[in-house]
Ligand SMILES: Cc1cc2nc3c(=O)[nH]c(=O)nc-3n(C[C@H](O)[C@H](O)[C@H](O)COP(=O)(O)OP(=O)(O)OC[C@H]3O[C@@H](n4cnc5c(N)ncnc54)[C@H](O)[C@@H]3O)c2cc1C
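The chain that follows stands alone, in the form predicted on its own, written as structure tokens.
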Amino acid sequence: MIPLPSGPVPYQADAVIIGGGVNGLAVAYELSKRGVKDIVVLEKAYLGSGSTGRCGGGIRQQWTTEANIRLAQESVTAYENLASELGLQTFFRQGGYLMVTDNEAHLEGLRKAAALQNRCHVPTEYLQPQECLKIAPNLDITNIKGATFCPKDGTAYPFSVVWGYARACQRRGVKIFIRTELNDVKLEGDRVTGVSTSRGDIATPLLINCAGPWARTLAAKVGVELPNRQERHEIMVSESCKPFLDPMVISISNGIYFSQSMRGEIVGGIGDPDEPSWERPDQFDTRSQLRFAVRFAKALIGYYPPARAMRMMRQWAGMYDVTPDHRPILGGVEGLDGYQHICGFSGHGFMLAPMAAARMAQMITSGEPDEIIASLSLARFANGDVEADAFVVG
């Protein structure tokens, strides 16, 4: 990758994007493809240092709301071609997603979700417990009541995707500044006119908030109140083993997910209902905890008994940017010109980023409305037009 600039920021830009994760870089790339010339991306740490670089890399279409299904479906299509488009291997692998439950009360929900996904042309199948063994041999199905499986779901390596977007952005003239803090946003009346940073001021008519866990703090600088909260989640990685698992396995009963990487490691996590939420970024705690390691190990052995002999090598924590309905917030805010946000993915920004960015860029440059973005606008919370997605794990 071309070295990133180290001097002062340019004094003006057609668009300034806050956040050097997958969403910020993807929207910069998509805007550049549509003719926006002077684009600046500001990242306060290093590329992928926020939620993107701490995620598990899963990409699935098995959701319970049509907007999420359609975004994910389009993103899977994008991921299938992303390596060649960006010019960098993304390690995208379609081993499928196997979603299981130990609770009979969940079965009707799984069936309905599979039916909705099928109506959206996603090839999800409803499975009986015994059928899971054809997809994931050695899975302990003793307590499993049912499952769904989509063979086109998969995983990719987050940092490769970030670096691929960054390199493609640079080829198109996008200026990316790391270690650059946003100090303030300049407004004239109801219009964004620029930003103040640790490397100087930039005059701009367009500010795009892709700040992930810090999106709420940035929105407040322009007088916008986001309903987002931040949830701490952890991931653990095992030693490398011989290949034995093609799909990502998810339990909607206890929230565990795990898959095997191309290097043979088991990568997975599990939610903790006792984890507190954060509303201020200075309160984020991303230290690793023994509590998680024990919780994850017990749950993993419960579904895959041979894991008992595996050694866990490392773990880390990151933040989910969570909305009340677990769906992203996309688009602008009525009464405020020059401000857009792409946030609130509730732990699933990596999988939805390619098409969320493409749709946002198309809407911004064409001025034409987008039905999915409209359905995911901030206004839905005030209007009471909220449809929660049920399959949020981690």
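What you see is a predicted model; the values in this text were computed from it and never measured. The first residue of the sequence shown is number 1, and the count goes up from there.
Quick note: we don't show the form predicted together with this ligand, though the next part is all about it.
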Close approach of Pro247 to this ligand in the model of the complex, 4.5 Å, heavy atom: no
Partner proximity in the model of the complex: Met351 to this ligand, non-hydrogen atom cutoff 4.5 Å: yes
Non-hydrogen atom contact Ile18 with this ligand in the model of the complex at 4.5 angstroms: yes
Contact label in the model of the complex: Leu182 to this ligand, heavy atom within 4.5 Å: yes
The single option of Trp214, Phe258, Phe149, Phe296 touching this ligand in the model of the complex, heavy atom within 4.5 Å: Trp214
Interface residue in the model of the complex among Leu82, Ile176, Cys132, Met319, criterion: non-hydrogen atom within 4.5 angstroms of this ligand: Met319
Answer range among 120-128, 187-195, 102-110, 231-239 for contact with this ligand, defined in the model of the complex as heavy atoms within 4.5 Å: 231-239
Members of 54-77 lying within 4.5 angstroms of this ligand, judged by heavy atom, in the model of the complex: Arg54, Cys55, Gly56, Gly57, Gly58
